[in-house]
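Next comes just one chain, in structure tokens: the form predicted on its own.
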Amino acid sequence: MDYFHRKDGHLWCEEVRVGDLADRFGTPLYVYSQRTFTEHFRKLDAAFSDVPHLVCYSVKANGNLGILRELGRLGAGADIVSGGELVKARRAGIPADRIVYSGVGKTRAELALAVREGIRCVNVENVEELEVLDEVARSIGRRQAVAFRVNPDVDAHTHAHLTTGRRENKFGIPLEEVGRAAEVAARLEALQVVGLDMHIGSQILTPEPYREALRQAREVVAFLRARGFPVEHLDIGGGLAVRYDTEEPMTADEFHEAIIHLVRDLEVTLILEPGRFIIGPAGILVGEVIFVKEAGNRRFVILDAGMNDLIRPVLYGAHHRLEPVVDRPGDPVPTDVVGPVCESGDFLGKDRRLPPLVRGDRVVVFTAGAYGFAMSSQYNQRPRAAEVLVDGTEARLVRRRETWEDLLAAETDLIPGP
């Protein structure tokens, strides 16, 4: 659920009209409902209140500092996949002991930063990484807690680009190599194996992939404990789906009921890494119609927002609900909603039945809070959108719109302007 609703023909975010936000901050514009992501976090946190647990928000879904800060205040930790995300999480005030670090390609500099910060756990994804992390920790003079991220070869029944737990995916230690990893870890004095991590994919609609992975996780936990490793926590990743169109995702309570019997008796702290589930429904993207173009039997509505702002439709074939910000009279007509980028793949929705939009109308893309701005780019040298956070009747700018000067700021071989 979310707190976007219509009143008197206008779309509202909580108690603020979205059209007023577009007037004030311009477009393209990301708008986030604090009430929505707060409620989603609290529901998941409450669902697992019967076991020791920690909800580590997946920063890659949306790393805006304003959002991170609010989630940190609610008690969330952070699931990070880069040094930059670690810097952001710490800047947002999330304690280091609530941060876990995944990712297949951590550099020595990133590992050193994690060790110096004293984060809760590094999720190690291959045997070589164990040895490098041990060298880094010894050079700093600290002992680092680690978990094995294991690849259970489980099909999450999601988009091919969103699965992370299959044998052909790059993520995690294959089950048959866990024994070798344990042998290596046992002789590394600067590391302490305290957990097990599995993450099988994203936008997962049914509980069975989780259950299959957890059945294997139980065996690995027993294997590691028999070899003297304490295994104090089990990280089951994220991946809970949200509704973009007609999907019927699990609620937090349904997810809990589906898997808790596989976890409760392990005497571990359960770590969950939701991203999309928390922030996806809380965000929208607003664009303005630049032109309307008729070509043969196609009607193109061209927005100032495009694939550089939201790449999910072309990258994943994702379907996001599209509506005008302000109701427009007229019978719906088949419409291709496209952007200004010089690519045929630059679309936000094809063959959608929308009222006859005209130049100057605003269009909203729903469920854009996750992997929207986070995956945006400056392709075609287009400055990235502004971001606004709404809390009740208050709206505050949490990221200013980039400028043309921002596009040049990092380049070093500049010639004087005209």
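Just so it is clear, the model here is predicted, and its values are computed rather than measured. The numbering used is simple: start at 1 and walk along the sequence shown.
What comes next is about the form predicted in complex with a small molecule, which is not displayed.
Since the partner isn't included here, can you check whether the small molecule sits close to all of Arg149, Gln203 and Gly275 in the predicted bound form (heavy atom within 4.5 Å for each)?
Yes, the whole candidate spot contacts the small molecule.
Using 4.5 Å between non-hydrogen atoms, is Tyr316 touching the small molecule in the predicted bound form? Flag for Tyr316 set to yes.
Within a 4.5 Å heavy atom cut-off, is Met375 in contact with the small molecule in the predicted bound form?
-> Yes, Met375 is a contact residue.
query = Can any non-hydrogen atom of Gly195 be found within 4.5 angstroms of the small molecule in the predicted bound form?
reply = Looking in the predicted bound form, residue contacts with the small molecule do not include Gly195, since no heavy atom lies within 4.5 Å.
Q) Closest heavy atom of Asp309 to the small molecule in the predicted bound form, within 4.5 Å or not? A) Close contact is absent here: in the predicted bound form, Asp309 is far from the small molecule, nothing within 4.5 Å, heavy atoms only.
Among 384-392, 30-38, 52-60, 355-363, which stretch sits within 4.5 Å of the small molecule in the predicted bound form, heavy atoms only?
Selected stretch: 52-60.
- Message: Can you work out which of Lys106, His199, Arg120, His233 has a heavy atom no more than 4.5 Å from the small molecule in the predicted bound form?
- Response: Only one listed residue qualifies here, and that residue is His199.
Using a 4.5 Å heavy atom cut-off, which residue among Pro209, Gly77, Gly339, Gly238 comes into contact with the small molecule in the predicted bound form? Answer to the contact question: Gly238.
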